[in-house]
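Before any questions on how it binds or moves, here is one chain, the form predicted on its own, in structure tokens.
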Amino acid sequence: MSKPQGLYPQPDCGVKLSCGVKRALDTVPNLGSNPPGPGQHWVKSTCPLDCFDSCSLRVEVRQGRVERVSGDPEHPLTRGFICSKGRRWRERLYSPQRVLQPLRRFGSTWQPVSWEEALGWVAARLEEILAVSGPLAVLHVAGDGSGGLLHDLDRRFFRALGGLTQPEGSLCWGSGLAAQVYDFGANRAHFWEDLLHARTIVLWGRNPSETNIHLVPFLRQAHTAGARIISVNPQRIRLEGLDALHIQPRPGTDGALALGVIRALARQGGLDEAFIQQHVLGAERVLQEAERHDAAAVERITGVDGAAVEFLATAYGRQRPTATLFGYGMQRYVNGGNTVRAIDALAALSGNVGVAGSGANYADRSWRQVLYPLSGPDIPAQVRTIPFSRLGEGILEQRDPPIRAIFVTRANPVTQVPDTSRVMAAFRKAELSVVIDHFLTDTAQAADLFLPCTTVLEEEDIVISSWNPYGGYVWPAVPPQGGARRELDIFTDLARRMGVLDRFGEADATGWLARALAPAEPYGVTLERFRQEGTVASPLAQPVAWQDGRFATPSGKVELVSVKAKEETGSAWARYSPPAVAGQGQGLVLITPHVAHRLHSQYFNLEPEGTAPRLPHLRLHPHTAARLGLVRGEKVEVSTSQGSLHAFLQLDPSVHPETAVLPEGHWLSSGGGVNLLTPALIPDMGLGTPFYDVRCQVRPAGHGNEKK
């Protein structure tokens, strides 16, 4: 199997395979030309989960059943190992909890129905709603729970109906995406291999041991070669085997820290004057803004002392090239976009943009420029939007027309969207709600109809990463189980029943994928190439982003002062304003991060019986718990202005003393539902979601015999 071209020499990142495994893999034929058949064979695939790594998978099939899912040693990043979530795709495929037949709610109970009955009923109800209220009465909530080009056909279907109401923005990273478009004109990142050229690596809000494990070997090799690693994070992250330095600002204050570092950088003589003069627009205005953030002001706001500010300034100015790797927690506040813009400014003013070993690495969306979007933006349609962060309230507010039908694909908004109580109220108000999924999630339990879809192991597709330059082919390992159907087939069937097939289009998976890849053909990227190679790098991705010095902004420079930002946000340059928590009085800042063994709410229901906690686990610093009179293991009540829930207390010295950490993804139906506590706020830019911008109270909730 050939490898993607145009990469740096691939470093040995410490992934070792036994001789037996190496010999076995040496005998594997070209997986792209070896479709499933009887006996034993391997199938090439790509993990569709919404994470940094987008791993390449090898799926072992024996007698028509998936026996094992492992990592592809030939992939430039996966290199033979995958996380627990990837290994458990087989478990998801064959889980007894998986629903394999359409279910319709009658009163308080579910009853199995045929696909003919299910789709006929949906089509009839939709036609009635469209005839009376028009297409804007239909809300489609599409997430990224399972990626792949073909999964965008759901959006195409609703545009073919004439239009829809849809969420706008992002639950994950929207504020930062918008910020980098203002600054650079597009979202670009260096190849991970480029870290080997860095002298300093700053993990700003990034926790690779939990959410990005394939980055860790690159960090280890860069560290062995002499790179210094710095973590800026309210929570002290775990980086085993790496001598990392940790800086812990108060939550939501990273923007003030970055501006303070810019001020110190200027005083140290660390500005890259040549880069600024040739490639930066608006440096003077940002430097003036930074003057407001002297060491005393930064310490008052962030809790970070002057010595740490000077240390960071030295890292960016004198120990460069410095690579900045963003996480997303720092932009989950109402000031999140300006925070990312301030960190971008620090990278640009210090000359750490467009140089090997550097970069303001937030996302890489270069693939989007060479693909035809199957979501159907070329189909004329009426579209009404609701901010994703205010989904529940937004649904309830619609009047002309009101939302009468809700469709959910690849998402679990009841658990994952802020202000769960209002989201539930919105679902109760709708006349029709349909969920397409593998399991009866919290959202599915609130629906009228459940339609079972296939997993990645049962379908053909191509998965494109937004965090690294690679796209990966998905070969179906086994046929669809039971009555599960591909989303492609579900929406094609609905389009036919509703008389819009001509607008929607009709093709098999091969035809749709070829259409999606048609704009990439001049670059040598075709469906056949994906099938043969498995992994293909974006033809527009550069190992060093922006190395040619040509930025995608109107001026062609890094626009630290942006006319577009002024028009859309009211501020042309990065400014620090306090997060919402600054005005919420006393209490702890509630942080709701990801955990390693789940992808948001996915996999929660598959935790082995006897190991899943009866209630969520809340983490506090030991000193904080002592101040509140709380002891390890006791049941506590966590409350905000939005609501409350119970949790078991864990003590963790890595947690910032002014925070409470309650991971997201624990299902509401199992005693979780952290978004019962989170507010529906609008951020400064990009319509991101300020999940973390809320204070909570923690108090004893009484003792019981519940399992911890």
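All values derive from a computational prediction rather than experimental measurement. The first residue of the shown sequence is 1; numbering continues from there.
Another form exists, predicted in complex with a small molecule; not displayed. Remarks below refer to it.
Contact with the small molecule in the predicted bound form holds for all three of Ile237, Met330 and Val674, each having a heavy atom within 4.5 Å. Residue contact check for Glu487: one or more of its heavy atoms lie within 4.5 Å of the small molecule in the predicted bound form. Using a 4.5 angstroms limit between non-hydrogen atoms, Trp467 touches the small molecule in the predicted bound form. Taking the partner from the other structure, the small molecule in the predicted bound form has a heavy atom within 4.5 Å of a heavy atom of Thr592. Contact annotation for Asp194: none of its heavy atoms lies within 4.5 Å of the small molecule in the predicted bound form. Only one of Ile462, Leu215, Cys172, Ala313 comes within 4.5 Å of the small molecule in the predicted bound form through a heavy atom, and that residue is Cys172. Checked against the small molecule in the predicted bound form, the candidates Thr409, Thr535, Ser433, Ser538 yield a single residue with a heavy atom inside 4.5 Å, and that residue is Thr409. Heavy atoms within 4.5 Å of the small molecule in the predicted bound form belong, among the stretches 285 to 293, 229 to 237, 513 to 521, 123 to 131, to residues of 229 to 237.
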